[in-house]
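Take a look at this one chain, the form predicted alone, written out in structure tokens.
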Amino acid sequence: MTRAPAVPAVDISHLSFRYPDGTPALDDICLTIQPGESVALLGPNGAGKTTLALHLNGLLRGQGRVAVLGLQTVPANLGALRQRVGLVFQDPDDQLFMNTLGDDVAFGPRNMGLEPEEVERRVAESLELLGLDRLRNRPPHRLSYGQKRRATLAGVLAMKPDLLVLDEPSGNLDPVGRRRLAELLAQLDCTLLVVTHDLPYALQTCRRAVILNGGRAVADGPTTRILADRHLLEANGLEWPFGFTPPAPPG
């Protein structure tokens, strides 16, 4: 018996987008991500990375076709999509708004209509996974920046998304926080899209890399190959930090 091909986790066809003031952000993007892939979306500031990410759960809608987990991002599907697509914003204060950390993590599962016992199980599981269980009753404004980053991820993971999108997850984290987050991401059983210009973190967390520049996808391939191409990186405003050694070009 022939097995039916898996539905892509992300299937974008000829997507273009302009902001209301006329500023172009995306220009004829085509991108397919298969279930279980880990993909780094790379590019300089203003390349269109975050704009693309915001299309994946319908927060933005441009011209073209965007399907996520088999659902097109049309108004009728947005409720279902936002339960299956976990988006972690660059600034954790954009996602933390309840009185306690526990209430923040419970917000998504409660709005999914889950039974109280299941909500509690997911909250406890996510807080323990992120090492935040002892801070459950603390107001979010009293958390450190690194704790806030983990708190937003805990809230998203409590919804058990099939696609996890992280916008600059390594930003402002100390070395221990960076390592712990990378180790956690490696354990997750979902499709992963990491939006970043942090090349070492892309190499550490993702097997595939896509470079955006000027709103267009200019390169797509194994992360080791993309990040070993110094000329490609330079042409697209990317470079390795001082003291880091790029991967050796594939033989």
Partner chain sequence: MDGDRRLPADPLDPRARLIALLGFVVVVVATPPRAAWPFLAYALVPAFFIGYERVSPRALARRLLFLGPLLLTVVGTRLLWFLLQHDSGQPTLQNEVWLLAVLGMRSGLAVLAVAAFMGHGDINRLAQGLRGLGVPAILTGVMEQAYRYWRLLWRELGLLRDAAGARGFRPRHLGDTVTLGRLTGSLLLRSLQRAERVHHAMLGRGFAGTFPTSHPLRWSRYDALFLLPALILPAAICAASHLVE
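Positions refer to the first chain, counted from 1. Nothing here was measured: the structure is a model prediction, and the numbers come from that model.
We do not show the form predicted in complex with its partner chain, though everything after this point is about it.
Checking 177-185, 162-170, 67-75, 133-141 against its partner chain in the predicted bound form, the stretch whose residues place heavy atoms within 4.5 Å of it is 133-141.
For the three marked residues, Asn57, Asp94 and Pro116, a heavy atom of each sits within 4.5 Å of its partner chain in the predicted bound form. In the predicted bound form, at least one heavy atom of Arg82 sits within 4.5 Å of its partner chain.
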